[in-house]
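Below you'll find only one chain, the form predicted alone, shown as structure tokens.
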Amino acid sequence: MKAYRAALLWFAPDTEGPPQACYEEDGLLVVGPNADGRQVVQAIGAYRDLVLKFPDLAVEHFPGRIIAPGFVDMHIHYPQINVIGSPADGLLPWLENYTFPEEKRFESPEYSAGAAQFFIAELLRNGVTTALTFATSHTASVNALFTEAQAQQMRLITGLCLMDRHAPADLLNQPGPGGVDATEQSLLDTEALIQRWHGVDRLGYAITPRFAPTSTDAQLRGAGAIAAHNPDVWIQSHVAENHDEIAWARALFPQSRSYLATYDDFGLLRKRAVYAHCIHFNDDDRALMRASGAAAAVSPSSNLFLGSGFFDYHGADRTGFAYGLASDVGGGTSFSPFRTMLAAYYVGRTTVTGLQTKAGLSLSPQHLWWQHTAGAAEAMGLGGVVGNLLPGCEADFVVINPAATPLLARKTAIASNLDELLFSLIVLGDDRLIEKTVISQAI
């Protein structure tokens, strides 16, 4: 058992109302092993109360600091760390000119391993302790990322990128031995990777069509069949990010009611299915998200950078489908959750009707923080496991220094309530706020 003393930030258990943050100015976080030997939260609350219940524990004290849940990133591309900050006219030219050429390099196990080490280190440096991430169409990229995440005891979910058409030939899934075609081999590789990695330590597998236009009907149908036989694995892809992409998908799958409905038609919409972007939806699409249990990975910095559009928070809340925040590096412009939360605030201030914009929803600081922690975990089917510091949650947390820069120190010192404090951190913060990242250890 271990104990940590600092100001504490966490979220109350699920309610029907808006997310409710809890804050203890002088708190104690007690962690210890569960039945599986994994460090989990045993107690959280005021120091004056808990120190009496745990009188013999050695306490690590972080004066002037805030302990908060580790951040959850619902959508990020580990092969795109060299692509971040690349100029392009929009999504499809960005893919063609920058992303696809870089991803070809991940055929090499050595290149993949080096990128995986940097990627995991950068996530942890920014306080991200759980990530749902894309790899490439090469099994070497998947194995390298799982290997590094396992070494760091990090909770990470990824999978082989399924892509058997409409991309450079040497980036498509490749044929297998004995005359096995590329589509069949990609599905065989997916099944083998699930058997090797899913549920090992803190690792999870995600069936990963890149997006519908780069998969044939046969590949999507096969992916849906694998999903049906493995209900506890995740599914991840992209949908409704860009108008040109949507027109392309509709031309390729005219039998489907909408781009989103294409995934449903192939058995790829359900709980633990996470779709990045979900910008250009109508109410039928929103209802389908809710009915299926699928979740949206809101990627505001990427959407702003590529000019894709604005996630409709009004529509999502009105229809009640799940969502959480994502950096979407490398279309996204930062690993920092603070930069992503600030971008989400900008997006939440704007609604889009046709070509007209008007002032809209103002997302509260607590709601923004929830979207990147407990809310993201719930959307991914990991509520009560990560993204919070309630008893039983895995002991992933960050130590935040609210005086990390002179301006932060000046601003946070005059915060008169929790919303003012959190908003100062969101608006002025970056990786310098994260003094320490703690990952739940296996004893």
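All values reported here derive from a predicted model rather than from experimental measurement. For every residue, the number given is its place in the sequence shown, counted from 1.
Below, we refer to the form predicted together with a small molecule, which is not included among the displayed structures.
key: Proximity of Leu95 to the small molecule in the predicted bound form, heavy atoms at 4.5 Å   = Result yes; Leu95 sits at the interface with the small molecule in the predicted bound form.
query = Just to confirm, Phe211 within 4.5 Å of the small molecule in the predicted bound form by heavy atoms?
reply = Flag for Phe211 set to yes.
key: Exercise: Glu241 in contact with the small molecule in the predicted bound form, heavy atom 4.5 Å   = Yes.
task = Please check if His277 has a heavy atom lying within 4.5 Å of any heavy atom of the small molecule in the predicted bound form.
result = Heavy-atom contact with the small molecule at 4.5 Å: present for His277.
query = Thr130, Ala376 and Glu394: each with a heavy atom within 4.5 Å of the small molecule in the predicted bound form?
reply = So, no: the whole triplet misses the small molecule.
task = Could you spot which one of Gln236, Gln80, Ser186, Ser112 gets a heavy atom to within 4.5 Å of the small molecule in the predicted bound form?
result = That would be Gln80.
request  = Would you kindly say which of Thr158, Thr99, Thr262, Gln219 lies with a heavy atom within 4.5 Å of the small molecule in the predicted bound form?
outcome  = None of the others qualify; the residue that does is Thr99.
message = Only one of 86-94, 334-342, 164-172, 189-197 has heavy atoms within 4.5 Å of the small molecule in the predicted bound form; I'd like to know which.
response = Flagged stretch: 86-94.
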